[in-house]
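Before any questions on how it binds or moves, here is one chain, the form predicted on its own, in structure tokens.
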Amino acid sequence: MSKQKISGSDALILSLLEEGVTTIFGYPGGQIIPVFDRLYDYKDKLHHVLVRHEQGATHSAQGYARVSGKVGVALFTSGPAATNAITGLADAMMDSTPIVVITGQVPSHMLGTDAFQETDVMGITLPITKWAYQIRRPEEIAGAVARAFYIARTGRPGPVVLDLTKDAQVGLTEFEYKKCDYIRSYVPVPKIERQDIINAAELINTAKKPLMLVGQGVVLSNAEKEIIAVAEKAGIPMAVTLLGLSAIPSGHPLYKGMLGMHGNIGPNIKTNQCDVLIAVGMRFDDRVTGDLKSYATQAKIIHFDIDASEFNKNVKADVTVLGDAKQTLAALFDEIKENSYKEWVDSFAPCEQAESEKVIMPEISPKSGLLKMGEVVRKVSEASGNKAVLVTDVGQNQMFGARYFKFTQTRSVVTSGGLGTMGFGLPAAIGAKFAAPDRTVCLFCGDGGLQMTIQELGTILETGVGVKIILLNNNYLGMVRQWQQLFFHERYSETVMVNPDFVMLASAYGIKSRRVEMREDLDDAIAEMLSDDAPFLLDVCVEEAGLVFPMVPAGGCVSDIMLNPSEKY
């Protein structure tokens, strides 16, 4: 007896429900109307968040994925809607974020005819996705969705695109869903080579000055407990990448701070002093390594990663360990010896003292002058009990957020790392709050980045989602201005911003807001912002000429560190 047939649109929605999807971010349009029509009858099971721009949908899906650990989902129509998603897809690919983006497409018989709102979604998205597939028949839908979610979330996660023709949406099919757990030639979790673990352990066990670099791969594989266990057993100090932030609690005694261009002095200096460098779930990005010719040349390098293509791509490793970090670290734990490197760990103290005196305290506890970005970030972090989710846009706000926010639990950072997407912050914060409604979500953004996706204030208006927006408002494109000051002879070309009244703008969207210009008003304003779970915009007028330090100049040696415009460490 044949099963009752349903439409492809129903098959798509039922498939999403089978994958445990409860929230999707989207925007309707001509070639996806059949899906949205059927979505009308599933409102009790599937919450659709109507964004104001398709880029916002992809970034919201990213924020949702990063905080929840689940696959984020975005849904919209063809043509310009699909091309609006390109930035989010590229961002997700660079930062290994699992999202499934479903786009509508013209009917199959019209493909290639330059039909209204037709775009070659496959050709455009293949280079910036883990997998992209065009569904032309309704009977393909269930299998394609199952495969999409499997590919997006397994191995090194990433974005997947499903391009769904209109005839596939309206055609009828029998529905049977089977989750995907195998694809021929796709090996998401490689088998661990025992000898690689042994070789890594031998280097670690004989090290005099080991240093562990913690990347986002640790978070993606839920290996936070394992890496802390390894570090504590062997007594190894740890430093994190930008996307690895919150994998290690800020107060852990072996945690030494963030790596990279605006990272802490200790981790950068000690990278070029350690004898064994253990990198876990990170890709040796240029913002971390600086000049490769002078990067950790004295050290034996061990690289743990799930993606073999990262091995020896930028930095040549002496030992590579392929596999899921949770598994490889657990195996390593059994092979390493209990150890302590008190003298080595203590050697970070002079770096920390110098950074505190020259950079940190003047930034977070200024004696006078205009408000500083760092002090705002630290006060918000402390007021939230250091338990909030930090979301940033890109620019000085991002680096100040990363440097001065503190973390007590994992999956507490959402930021655009590899692509550096201005406009990422606001929609990503919306997604993060939907993923963790019981957590405080604090977005730090600049006046430039906020205006790139400011239409998503409309999403907040409609949903009431309780994002706390802290606008570090300096009337400049701050990071570009910093480079112009330091490296381009103070020629401030097109970086001055003429801004609207953000408080009035927030009011127009029904969002509570407050402007702070004086230091004595800041604590009270932060308390007001955090007093309930309603959305809030805090417009903080900070110094226009603020600079984020320390700084390793682009392409410079990681141990060549600027403390301020005229002084090096």
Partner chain sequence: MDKKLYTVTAYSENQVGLLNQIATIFTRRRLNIESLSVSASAIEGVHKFTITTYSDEETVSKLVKQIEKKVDVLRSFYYLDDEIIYQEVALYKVPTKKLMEDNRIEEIVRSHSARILEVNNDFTVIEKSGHSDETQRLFEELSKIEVRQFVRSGRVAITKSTVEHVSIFLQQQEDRRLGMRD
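Residue numbers count along the first chain shown, from 1. Keep in mind the model is a prediction, meaning the values are calculated, not measured.
Separately, the form predicted together with the partner chain exists; it is not shown, and the next lines address it.
The candidate spot formed by 14, 143 and 153 lies out of contact with the partner chain in the predicted bound form, as no residue has a heavy atom within 4.5 Å of it.
Scanning 295, 333, 311, 348 against the partner chain in the predicted bound form with a 4.5 Å heavy atom cut-off leaves one residue, 311. In summary, among the residues 342, 491, 367, 184, the only one with a non-hydrogen atom within 4.5 Å of the partner chain in the predicted bound form is 184. Residues with any non-hydrogen atom within 4.5 angstroms of the partner chain in the predicted bound form fall in just one of 145-153, 257-265, 325-333, 236-244: 145-153. Although the partner is absent here, residue 307 sits close enough that one of its heavy atoms falls within 4.5 Å of the partner chain in the predicted bound form. In the predicted bound form, at least one heavy atom of residue 127 sits within 4.5 Å of a heavy atom of the partner chain. At the 4.5 Å threshold, heavy atoms of residue 188 reach the partner chain in the predicted bound form. The partner chain is not shown here, but in the predicted bound form it comes within 4.5 Å of a heavy atom of residue 316.
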